[in-house]
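Let us start with two forms of the same protein chain, each given on its own as structure tokens and named structure 1 and structure 2.
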Structure 1
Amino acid sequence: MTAKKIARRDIADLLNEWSREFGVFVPSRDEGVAKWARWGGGDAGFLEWYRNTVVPPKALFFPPLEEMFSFQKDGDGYHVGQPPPTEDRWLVFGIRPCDARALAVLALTFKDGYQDPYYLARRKNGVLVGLGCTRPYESCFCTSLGISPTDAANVDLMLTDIGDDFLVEAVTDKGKELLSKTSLVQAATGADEARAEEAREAAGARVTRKVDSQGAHEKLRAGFEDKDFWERVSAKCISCGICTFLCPTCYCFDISDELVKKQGARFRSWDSCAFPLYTKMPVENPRREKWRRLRQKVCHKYEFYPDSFDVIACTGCGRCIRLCPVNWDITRVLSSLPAQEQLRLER
């Protein structure tokens, strides 16, 4: 299918059109925090301020708190009820390439690692409409992870800002179906595609933060027992968990039951390896020290996850850098890892 384009002024009408068939979610400012919210009509003013959300779109597919099932007890024993229904069909408009890649990374855990019915149901019913990132933050380092800020690899439909218009490209069958149902797009010209290519190249050049992601795996393995290094880089961490809660690929969760008399529900909620109680067991806490917890976070993303799934569990979105209250920076940690030769000499 050849590329299409849509006028910037028609985006609101496009969202209204899609909302007749889907539950549409767009970037929104709620109490000053950029997050995802259901499209309520009106104008598409978010296109002017939107760079990325604070809360990643993983929260739509893997909510911070969700009911797994309900239960009730009577004379015949326990009766288990189904979890609340999810959207039949829904659409996320404006997802950035780094966050779209993150959902693909999460799928390795929730689909290939084990079959998670809650995540998979939402993902199956969801459509991703990507929006190329033309104004990356200074903290972004997606290109070091092999991701372009205008990468269309993990979305169904991709939009690239070319000024008064957006170039629109269908990536999957879902995207082609979605595009075929609107009359608001028109054929793109060669000049439109040339402007889109210029925008892509310019966006990639704006990502100036770099890290050697490929060399990190071996350095982390070699330096795993370097306590002095991990104590040094974890010194200012306050174990608040912001970096993991706002990370688009972190998936740790806890499970708890709420019981009132003879009925209740089981919930799961986000948890964090940054918390001292996360791995506490009746006999011991294997990660009581802060440096062990920080080491776990870094090694999980750049060593353990690649060992299991052959992909780094980080997309370079930069949230953990720009939103950290003490300015802890994972790229500096990775860049300061001792070389294997240095470690061998020290031993």
Structure 2
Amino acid sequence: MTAKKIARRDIADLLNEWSREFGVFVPSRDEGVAKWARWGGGDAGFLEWYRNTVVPPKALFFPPLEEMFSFQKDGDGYHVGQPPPTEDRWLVFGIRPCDARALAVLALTFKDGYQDPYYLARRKNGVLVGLGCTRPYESCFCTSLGISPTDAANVDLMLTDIGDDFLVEAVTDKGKELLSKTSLVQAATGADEARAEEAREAAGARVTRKVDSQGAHEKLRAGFEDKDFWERVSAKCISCGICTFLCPTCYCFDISDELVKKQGARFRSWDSCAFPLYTKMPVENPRREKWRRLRQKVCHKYEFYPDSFDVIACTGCGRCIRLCPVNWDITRVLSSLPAQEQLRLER
């Protein structure tokens, strides 16, 4: 399918059109914090300020707190209700390639073995409209993870900013269906495609931070027991967990109940390997010390997840760097991993 284009000023109309069929979510600012919110009409002002959201779009598919099911207590027993239904059809507009990859990474865990009905239902009913990233942050390093900031790999429909217009490409059948239904798009010209190519190249060049993501696996494995190293790189961490909550690929969760009088519900909520309680058992706790927890976080992303699923559970979105209150920096940890030869010498 040849590419299409849509005028910048028509984006709001397109969102209005889609809103008739889908629950549409767009980047939005809530007290200065960029997160995802339902499109409420008006102008698409976010196109001007939006770089990426603070709260990643995983929150739409795997909410920070969600009801798993409700129950009613009657006498000695319970009546368990069905889980709340998820939205019929919904659309996320403006997802960045790093975050789109993250959803694919999350799906590996939620699909493996026993299916996670909550995540998979939302993913199945959801349509992803990607928006190429032209203003990456200094903390971004997606290109080191094999992602380009304008990558169309994990979305249904991809938009690339070419000035007064956006180039529009249908990636999947869902995306093709979207395009076939709107009259707001028109055929793109060769010049449009050339401008898009230019924009892609320029965006890629703006991601200047680099890590050796492929080499990390061996180094992490070799240096796993290097307590001094892990103590050193975790020294300033305050175990607040924000890097995991805002990480687009972190999926750890807790399950808890609430009962008010006779009406109750079971919820799941985001949890974090940064917290000592996360692994605490009645007698022992395998990760009581902070350096062990931080090691778990880094190794999970760059060593254990690749061991399990052949993909690194990091997309280089940079949130854990930008939003850390003490300026902890995963790229510095990865760059300072001792080489194997060095470790051998020290032994």
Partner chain sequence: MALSDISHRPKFLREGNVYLPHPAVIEKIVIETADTKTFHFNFKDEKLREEFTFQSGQFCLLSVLGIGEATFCISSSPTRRDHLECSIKEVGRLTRALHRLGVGAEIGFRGPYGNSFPLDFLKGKNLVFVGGGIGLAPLRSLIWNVIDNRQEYGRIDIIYGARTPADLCFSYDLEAWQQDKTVNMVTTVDRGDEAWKGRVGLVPVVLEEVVPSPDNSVAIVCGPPIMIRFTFPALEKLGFSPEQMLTTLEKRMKCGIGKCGRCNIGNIYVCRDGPVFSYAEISSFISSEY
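Everything quoted here is computed from the prediction, not taken from an experiment. Residue numbering: structure 1 sequence, from 1. The term rigid core refers to the maximal set of C-alpha atoms that superpose within 1.5 Å between the two forms.
Novice: Please state whether structure 1 or structure 2 is the form predicted together with its partner chain.
Specialist: Only structure 2 matches the form predicted together with its partner chain.
Novice: With both forms fit on the core, has K262 moved 2 Å or more by CA between structure 1 and structure 2?
Specialist: True for K262: a C-alpha shift of 2 Å or more.
Novice: For G77, does the CA position differ by 2 Å or more between structure 1 and structure 2 when the superposition is done on the rigid core?
Specialist: Yes, shifts by 2 Å or more.
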